[in-house]
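What follows is a single chain, given as structure tokens, in the form predicted on its own.
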Amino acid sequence: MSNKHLFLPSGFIRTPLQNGLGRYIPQLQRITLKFCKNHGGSRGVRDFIETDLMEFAKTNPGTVVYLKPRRHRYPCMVAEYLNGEREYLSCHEFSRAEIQKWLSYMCTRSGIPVMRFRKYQHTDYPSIQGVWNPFTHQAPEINVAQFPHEILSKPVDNGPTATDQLIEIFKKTQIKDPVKPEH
């Protein structure tokens, strides 16, 4: 027997079909709640069905909810995603709040299997020009200049400060006193 199942597969970060660039499409296609009508381990699932299922269905109109009663079996939840992946979760002895939490988690997932990331950024179309850096569009004189340099050490935009602008506005709005003729 191999221990391959003990390790997470590795891969690159990806989104299903560039989801979210236009309209967002929820990836959870259907959820099946399997439960027993009498078994004590299904109490949380039954409570969720009685109190919160209609609200869940109204807030997630793109997700089909199936209820499958089974006799003398432990409760479980099966989520099926648009990419064909299925996720199985045993709900034995779960409370109503835990069922809500797991349903919310499954609704926000993409269906892509959980994996360890090799890198945190990835592109399918790498640039042939190289990676951008802060000095990409700078003047080439900076490379050979000796610092401190008289011209290059000055600020690029040397406009009036906010204080200078306020003083100028104040001077323009000041009323000038007319000169009184002396008798």
Partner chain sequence: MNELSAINVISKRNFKPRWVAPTLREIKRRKDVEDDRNGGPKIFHRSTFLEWLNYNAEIFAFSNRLGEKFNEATLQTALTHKSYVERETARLSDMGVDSYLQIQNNEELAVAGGEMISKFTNGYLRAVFTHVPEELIMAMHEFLTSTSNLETVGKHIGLGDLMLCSDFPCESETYVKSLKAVVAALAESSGEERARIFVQDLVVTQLYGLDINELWNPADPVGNLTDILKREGKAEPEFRLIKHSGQNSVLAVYYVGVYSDKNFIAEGAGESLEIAKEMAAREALKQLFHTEDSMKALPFGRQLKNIQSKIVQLENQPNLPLSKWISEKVTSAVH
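Under this definition, the rigid core comprises the largest set of C-alpha atoms superposing within 1.5 Å between the forms. Keep in mind it's a predicted model, so treat the numbers as computed, not measured. Positions refer to the first chain, counted from 1.
The next section is about a form of this same protein that is not shown, the form predicted together with its partner chain.
**Q** What is the one choice in 153, 38, 133, 59 with a heavy atom within 4.5 Å of its partner chain in the predicted bound form?
**A** The option sitting close enough to the partner is 133.
**Q** Answer with yes or no whether residue 161 is in contact with its partner chain in the predicted bound form, where contact means some heavy atom within 4.5 Å.
**A** Because no heavy atom of residue 161 falls inside 4.5 Å of its partner chain in the predicted bound form, the answer is no.
**Q** Residue-level contact is defined here as any heavy atom of the residue lying within 4.5 Å of its partner chain in the predicted bound form; does residue 172 satisfy this criterion?
**A** Contact with its partner chain, no.
**Q** Closest heavy atom of residue 21 to its partner chain in the predicted bound form, within 4.5 Å or not?
**A** Yes.
**Q** With the partner left out of view, is residue 83 within 4.5 angstroms of its partner chain in the predicted bound form by any non-hydrogen atom?
**A** Contact check for residue 83: yes, within 4.5 Å of its partner chain in the predicted bound form.
**Q** Taking a heavy atom within 4.5 Å as contact, would all three of 51, 55 and 115 count as contacting its partner chain in the predicted bound form?
**A** Heavy-atom distance to its partner chain in the predicted bound form: none of the three under 4.5 Å.
**Q** With the partner left out here, which residues of 86 to 105 have a non-hydrogen atom within 4.5 Å of its partner chain in the predicted bound form?
**A** If the 4.5 Å heavy-atom criterion is applied to its partner chain in the predicted bound form, 86 to 105 yields 86, 87, 88, 89, 90, 92, 94, 102, 105.
**Q** With both forms fit on the core, is the shift of the CA atom of residue 38 between this form and the one not shown 2 Å or larger?
**A** No: residue 38 shifts by under 2 Å between this form and the one not shown.
**Q** So, does residue 64 move by 2 Å or more at the CA between this form and the one not shown, with the core held fixed?
**A** After core superposition, the displacement of the residue 64 C-alpha between this form and the one not shown stays below 2 Å, so no.
**Q** Quick one: core overlaid, is residue 145 moving 2 Å or more at the Cα between this form and the one not shown?
**A** Yes, shifts by 2 Å or more.
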